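This document starts with one chain, in the form predicted alone, laid out as structure tokens.
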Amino acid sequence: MRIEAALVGGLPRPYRIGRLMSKYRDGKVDEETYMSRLRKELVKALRRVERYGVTIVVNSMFLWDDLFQPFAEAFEGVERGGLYRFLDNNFYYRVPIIKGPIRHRPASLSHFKLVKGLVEEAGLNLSIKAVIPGPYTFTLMSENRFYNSARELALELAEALGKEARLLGEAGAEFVEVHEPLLTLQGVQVDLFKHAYERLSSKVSAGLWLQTYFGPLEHVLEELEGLRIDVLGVDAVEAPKQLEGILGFDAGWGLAIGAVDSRNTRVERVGELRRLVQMAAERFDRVFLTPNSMMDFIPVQVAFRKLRVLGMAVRGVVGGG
């Protein structure tokens, strides 16, 4: 039995780090000063996360502007465009613009190595997930100016993202967290998703953690059964009724229950979260309690209060420490 509290996607960026990054990009802070301050802030956040009982962190932490940033900046054929609302949130991302043939170049590996090195130097008992956008969501949230079809683009993105995921696994990631929030929408292009996901997963040796949020998965659950998924992340905040069906669906996955609301400042009750963990532990050998999505939408201090109740909820449950 394995029961743990884990981050999903990333943490909100402290204001002082946002200012530091802006100054660094404008050339007002040299690289040595920038990295020194950034490392100190990361260690402080990692220590706090560990103290609260969350044992799985992510390489993105508060380093990324949005889910697509490192990949749109690094991959050949892609550049960052204008700001657009991220899935109806009061949070914006820069739309990836596809301008030529996509070719992989390492995008998030440096962030993984940075966080992993800091965890090891500080002697923290944390494991690190690597985060990547899924090729289906990446395709539909991009502006395609080059490929003839969404299928062609999705497969090329899957190729590049699969190479990135392979590097991340080789660097020590136990899981690669693949974000596919658009699976929760009605009208999912199932064949497009499956072909792209299968191409990505064929290149990866690390565990694959398929992360969904902001809606239910009942309409595609059976379609996921034959795919290589080690952990399925589901949203138990926006779609709590789906849990009953998922708990009765035996596909051999681990289950990540997104039970802490990343879009609301109300802090959840430990007892409510613990009850969900206990229910899931009756049916699944691996249960992870998480926020329902990345936590970029709420203030930093609220995010940490929510992480504290995550850790408290898994403590005391059999297998949870």
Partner chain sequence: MDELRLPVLPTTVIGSYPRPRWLREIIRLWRAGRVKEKHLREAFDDAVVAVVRDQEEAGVDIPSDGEQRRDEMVEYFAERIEGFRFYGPVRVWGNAYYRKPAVVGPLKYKGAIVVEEFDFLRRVSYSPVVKVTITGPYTIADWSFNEYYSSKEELAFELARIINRELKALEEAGASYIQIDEPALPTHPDEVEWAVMAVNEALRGVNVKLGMHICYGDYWRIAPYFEELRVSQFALEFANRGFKDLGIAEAIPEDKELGFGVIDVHSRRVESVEEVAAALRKILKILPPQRIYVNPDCGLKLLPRRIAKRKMEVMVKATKIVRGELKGVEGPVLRVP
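Please read these numbers as outputs of a predicted model, since none were measured by experiment. Numbering follows the first chain given and starts at 1.
Absent from the display: the form predicted together with its partner chain. The rest refers to it.
Heavy atoms within 4.5 Å of its partner chain in the model of the complex map, among the stretches 248 to 256, 51 to 59, 290 to 298, 272 to 280, onto 290 to 298 alone. Contact annotation: Arg308 falls outside 4.5 Å of its partner chain in the model of the complex, judged by heavy atom distances. Among residues of the shown chain, Leu83 is one whose heavy atoms approach its partner chain to within 4.5 Å in the model of the complex.
Using a 4.5 angstroms threshold between heavy atoms, Asp88 counts as touching its partner chain in the model of the complex. Of the heavy atoms in Arg94, some are within 4.5 Å of its partner chain in the model of the complex.
Contacts with its partner chain in the model of the complex, taken as any heavy atom within 4.5 Å, map within 1 to 30 to Arg13, Pro14, Tyr15, Gly18, Met21, Ser22, Arg25.
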